[in-house]
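Provided below as structure tokens are two forms of one protein chain, presented individually as structure 1 and structure 2.
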Structure 1
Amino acid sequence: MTLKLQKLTKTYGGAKALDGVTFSVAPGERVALLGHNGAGKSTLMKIVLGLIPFDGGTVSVLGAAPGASRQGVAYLPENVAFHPALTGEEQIRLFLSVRGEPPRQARDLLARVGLHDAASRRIGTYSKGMRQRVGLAQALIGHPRLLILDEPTSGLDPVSRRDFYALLDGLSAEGASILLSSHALTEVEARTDRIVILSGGRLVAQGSMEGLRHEAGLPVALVVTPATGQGGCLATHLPQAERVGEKLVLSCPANQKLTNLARIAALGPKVADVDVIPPSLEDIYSHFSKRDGQ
């Protein structure tokens, strides 16, 4: 495992910021770390990076103690800061020199994050999203085996967010492990392999979207669009459904989805369309957080 946490505990003044957290990240795996403010995400990341000590449990980063393998670990904070008088290329060349890498790689790194055309501009003229991409370029120096990303798409526009996740997909395919903290649940739902949910310093759920949906047992929504003039008739045939505008929404347990779809299909031409909407990551996150009493 690239990263392995076993019963990790951290206490501040008698209050447990992390309480027995156990999970791992495999090579090439993309793991989303979710939790409300104060759930323990930042504390966990700082421990993994070797920036603060922990009180109990074990932490293995690239097979060593936190901080011992920093050459293979990259970190991108939510709010990056660079010297405004330097150009993007000058800043990355400086980081490359510090890491013992050839400074000539700066342009290629900036091109990977979509900043090739802005490489000669001073960072003081960059938007927040552009500065965030400079931070990502810095994080890619040295081909890290583990990337720790804290709200990495903060300040990025929709196109840049799409390009960012495409870049992560490529890094994952090359074997890099990614631990990503984000409040943008709709983004990470389809672009991560596994989800870890913290609440009050404790791990309350982890798994794939499919696994978490099964564990949560939340209902599936069947959204039925009536054929022209058939709304009233469909409401009679589907009395449990809720009218939402011109549509009918029928909620049912996942194990009853096929039975209800068969009922709807039997109505034939009275139905214009039907959409199956499973629980979203937002629904799942809310479920497990509430179950923990938060």
Structure 2
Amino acid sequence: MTLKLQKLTKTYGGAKALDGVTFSVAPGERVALLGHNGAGKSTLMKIVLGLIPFDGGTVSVLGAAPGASRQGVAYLPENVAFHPALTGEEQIRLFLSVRGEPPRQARDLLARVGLHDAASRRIGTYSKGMRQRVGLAQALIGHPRLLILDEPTSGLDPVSRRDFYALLDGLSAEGASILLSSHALTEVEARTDRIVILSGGRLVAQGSMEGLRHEAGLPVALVVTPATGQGGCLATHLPQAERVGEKLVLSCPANQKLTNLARIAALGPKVADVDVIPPSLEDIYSHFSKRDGQ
């Protein structure tokens, strides 16, 4: 395992920021850490990086204690900042030298994150999204085996966000493990192998998107559009359905979806159309995030 946390606990003056968190990240795996503001995501990451001490449990990073094998671990902090007087290229050259890599790679790295043209401008003149890319560029230095990315897509526009996830795909294909945090499930859905949800410092759920969807057991909505003039007739056939304007909305557990579809299909020409609407990602996320009563 690249990263292994067991019963990790951290308190800040009596308040538990992390409470018995256990999970691990395998080589090449992309794990999304989700949670509301203050859930403990940044705290967990700082502990894994060896930046702050923890109170209980065990943490193993690349087989060593946190902070012991810094060569193989890259970090992108939340709201990453740099000295405004340095140019993007100078900043990346510094980071390369400190990692023992040739500084001449700086331009290439900046080009990989789409900052080639701004490389010789001072970081003080960069937008938040551009600083975020500098942060991403430094995290790519020296083929890290574990990337810890704290809200990496905040401040990125949708196109840059897509480019960012494409970069991550390449990294994990090369065997790098990725732990990234976000407060929105919609952002990480398609691009991560596993999701870990923290709420109030506790791990409340983990698994694949499909697994979480299943575990939440939220109802599926079947939206039936009646053929012209058949609305009233359909309503009598589907008494559980709720009328919303022209349409009928039938809410049912996921395992009764097919049965209900069959019933609707049996109504034949009375039905103009049927849409199956699975629970939204936000529904699933709030389900887990609020279950523990924050």
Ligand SMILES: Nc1ncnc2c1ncn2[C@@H]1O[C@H](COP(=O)(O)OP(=O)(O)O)[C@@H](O)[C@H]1O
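If you superpose the two forms and keep the largest set of C-alpha atoms that fall within 1.5 Å, you have the rigid core. This is a predicted model, so every value here is computed, not measured. Residue 1 is the first residue of structure 1, and the numbers go on in sequence order from there.
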Identify which of the two structures, 1 or 2, is the form predicted on its own. 1
Hey, what angle in ° does the smaller rigid piece rotate by between structures 1 and 2, against the larger one? 11
Please report, in Å, how much the Cα atom of residue 271 moves between structures 1 and 2 when the rigid core is superposed. 4.9
Per-residue C-alpha deviation between structures 1 and 2 [residue 222; rigid core superposition; Å]: 2.9
